[in-house]
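Presented below, as structure tokens, is a lone chain in the form predicted on its own.
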């Protein structure tokens, strides 16, 4: 037993003293996790997924400004404010020209633009009759390939319009002005028959009398109606806290399991190259002549690699949890996942160590073996983003099962029965690769 610990300690010291290896073990995986986590939205911004809209207000009326204000209240959209200061809700909303808005959408700097034409505020109700020939119709400019966003934006826009009209309808002075303007328009119309003019004039007269005798704000629900609060809506909105289980809370929950397997790949390759270096320098021959036997020699090598794997994973997990808020759902299951992963990569190390007789041969062969496994198993493309056929194909890669086991313990909320499959496959792969490496080593040494 003392011989095993001595050999394992030797390998660990050699690994720690290799600064180039330490870069690939710690620095590169952390850079990978931080970079891709930030790109994928690790910060968890509140505006993530919001439609960025440019408002082209050609009308510059109170109604058009109220429409933009109502639109800005919706969390599903983001109206860029002057100076691009979304954190300052009091800053004026950006109002580019129509041509500037088109260019912003074409360049991908805005999701869409909304044009409020001149004359919209004179008769905001005209949009319900086809826009009065189109001259006061609202216009949405968006990439035709984004039909889902276009439909979503139309729904949000109708909600904002109804909020603006409700505010106007519960404002006595504004409604009386609208009624007076409509009566003048009917009286001056030459296309309406006399009977229709009489009926519409009587209807508007009754509406005018109604606005004079009743408190419209109180009928509309008081202040909540005037401000367009959700309480006045016929649809009740209930706040339900989103379930974080089985979903990554941030992008770092996805990138850190990937960083762990990249780190373990570097550890396994470093230990494998150490064995090749000992062979070329004659150290391996002297060790084989010592009274310890191949069992102690290979066992010490495996123990050193296993402990290095556990130490590296522990350091990365601690950094992710305390520095970046990576969530761990079940620490016991995580310990099981990390142990099985360490066993698997220890077995991979043994196979890589016998793939050549020199350091260059082992390094090249190991890289050629591990890179396809990494690409196929989720080391580059996250498992959560893979198509179904690629996930099925990735079953042959130990990277896939290592990432699945860590994610299962961290945020997928695996039950113990769910953990058995990836952990069992990791142990089986580790044992198979280790047995293959031992078999080849014994044949080459005999």
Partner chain sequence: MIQVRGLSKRYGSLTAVDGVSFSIAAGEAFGLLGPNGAGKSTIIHMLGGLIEASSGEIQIDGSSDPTKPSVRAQLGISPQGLAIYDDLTGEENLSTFGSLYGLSGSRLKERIHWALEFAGLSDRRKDRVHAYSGGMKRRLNLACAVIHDPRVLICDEPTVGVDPQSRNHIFDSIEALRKQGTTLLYTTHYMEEASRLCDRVAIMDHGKILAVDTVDKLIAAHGGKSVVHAELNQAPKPGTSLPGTLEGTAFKMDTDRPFEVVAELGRSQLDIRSLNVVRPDLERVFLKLTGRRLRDE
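Since this is a predicted model, take the numbers as computed values, not measurements. Residue numbers count along the first chain shown, from 1.
Omitted here: the form predicted in complex with its partner chain. The next part is about that form.
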Exercise. Of the options 285, 106, 295, 97, which one has a non-hydrogen atom that comes within 4.5 Å of its partner chain in the model of the complex?
Worked result: 285
Seminar exercise, completed: Among 202, 291, 195, 144, just one has a heavy atom within 4.5 Å of its partner chain in the model of the complex, namely 291
For this session: May I ask whether 60, 65 and 180 all come within 4.5 angstroms of its partner chain in the model of the complex, judged by heavy atoms?
Result: no
Exercise. Could you tell me if residue 281 has a non-hydrogen atom within 4.5 Å of its partner chain in the model of the complex?
Worked result: yes
Exercise. Is residue 442 a contact residue for its partner chain in the model of the complex, using a 4.5 Å heavy atom cut-off?
Worked result: no
For this session: Answer for residue 14 alone: is it within 4.5 Å of its partner chain in the model of the complex, judged on heavy atom distances?
Result: yes
For this session: Given that the partner is absent here, state which listed stretch (273-281, 112-120, 349-357, 322-330) has heavy atoms within 4.5 Å of its partner chain in the model of the complex.
Result: 273-281
